[in-house]
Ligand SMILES: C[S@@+](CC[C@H](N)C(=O)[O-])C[C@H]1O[C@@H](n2cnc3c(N)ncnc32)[C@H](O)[C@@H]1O
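Just the one chain here, the form predicted on its own, laid out as structure tokens.
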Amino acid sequence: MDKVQQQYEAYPYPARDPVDEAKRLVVGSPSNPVEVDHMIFGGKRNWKKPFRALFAGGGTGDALIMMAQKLSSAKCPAEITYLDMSTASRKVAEARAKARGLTNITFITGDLMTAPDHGEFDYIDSTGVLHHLPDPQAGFNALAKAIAPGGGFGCMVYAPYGRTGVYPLQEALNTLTAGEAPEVQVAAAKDVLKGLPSSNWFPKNEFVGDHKVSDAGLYDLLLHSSDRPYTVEEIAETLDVAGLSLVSFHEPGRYDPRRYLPVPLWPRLESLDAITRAGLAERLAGDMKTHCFYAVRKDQARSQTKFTQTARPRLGDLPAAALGRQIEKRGEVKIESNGQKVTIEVPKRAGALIALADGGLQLGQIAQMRGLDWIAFSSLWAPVDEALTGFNLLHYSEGMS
């Protein structure tokens, strides 16, 4: 058994108790079906048709259970495959599925490098996994081969700058504890953390906190034997080698350097391509500890869904009417992104449009209800689209009904 597999047998990650399934459904990105539709399927996916999904390195099952539950509730004839080398993690994920009565998942203990052996998939999720492989590029390549025509890929990998202080401490702890049992390493790491000098960068980093949540989180963050971060540019290069094309980062607004620069400097951005701009934003922000993104096969390159008259807007868990009233009054939305408070400016006049964006109407229908022609509507909606899709608050999708 290699060191990575040994770790997840000792400390399945993230730590989850199947009993909690009775209280709540853990949701997030990637792999929320409406978000997947927006990013991969042009907002037009018919969820009544068969759908094959693979969770490559499914861990204890957060994304797996989220998608499986939502597709089951929508009566989508889904075939979902869980693939992970850790039997301990699989046991937790299976118990969570059983607690919910989910029957649309096939559990397989195995290496994600075997993904193509299990057929082609409309969607593949690999969250927090590929950056732990001895050869991450080989992992990307293998998953790319298993994506069906028209399908896509949702992924999360670590980013370097928001994890400042993590990697030197990983090296120090490896020097001190290499070869010891996982529980002994965790105990030693806790002692080290108590005695770190104020000059160490790790305790100064407010963006990492898994070590405070559980022993599994501490081990995954500070004692992992194989862990490499990716910059924006490295993600783009890795996808290109795998034959994939980036659709969008999750919360693309965070990858817009205009958020971090004064207006007089914006003209300097005009000559930069999209990846260079996103990489600049990553370096200016300094708080990105992960990169979550969607990709498709290179021969089917596309961008995330754009707004058209037939696009159906959905605000997720945000109540459309209440948000519309708030925007009409204040002209802004306050959210928390990556642990930081963000104020998103939206034209007050757009509040009346947002109030109808509950998934029941297409944009063209909303325009008609508000007495606007498409040109007038578009001029009001464009800043709404940029602001709210930029922070994953708005998607275009026919939805799950």
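Treat the numbers as computed from the prediction; the structure is a model and nothing was measured. All residue numbers refer to positions in the sequence shown, first residue = 1.
One more form of this protein exists, namely the form predicted together with the ligand; it is left out here, but the text below deals with it.
None of 110, 229, 243, 165 but one reaches within 4.5 angstroms of the ligand in the model of the complex through a heavy atom, and that residue is 110.
Only one of the listed residues (99, 239, 315, 133) places a non-hydrogen atom within 4.5 angstroms of the ligand in the model of the complex, and that residue is 133. The candidate stretches are 307 to 315, 260 to 268, 77 to 85, 169 to 177, and the one lying within 4.5 Å of the ligand in the model of the complex by heavy atoms is 77 to 85. Not displayed here, the ligand is kept clear of residue 122 by more than 4.5 Å at the level of heavy atoms in the model of the complex. Contact annotation for residue 390: none of its heavy atoms lies within 4.5 Å of the ligand in the model of the complex. Contact annotation for residue 247: none of its heavy atoms lies within 4.5 Å of the ligand in the model of the complex.
Though the partner is left out of this view, residue 43 does not reach within 4.5 Å of the ligand in the model of the complex, counting heavy atoms only.
Contacts with the ligand in the model of the complex, taken as any heavy atom within 4.5 Å, map within 42 to 60 to 57, 58, 59.
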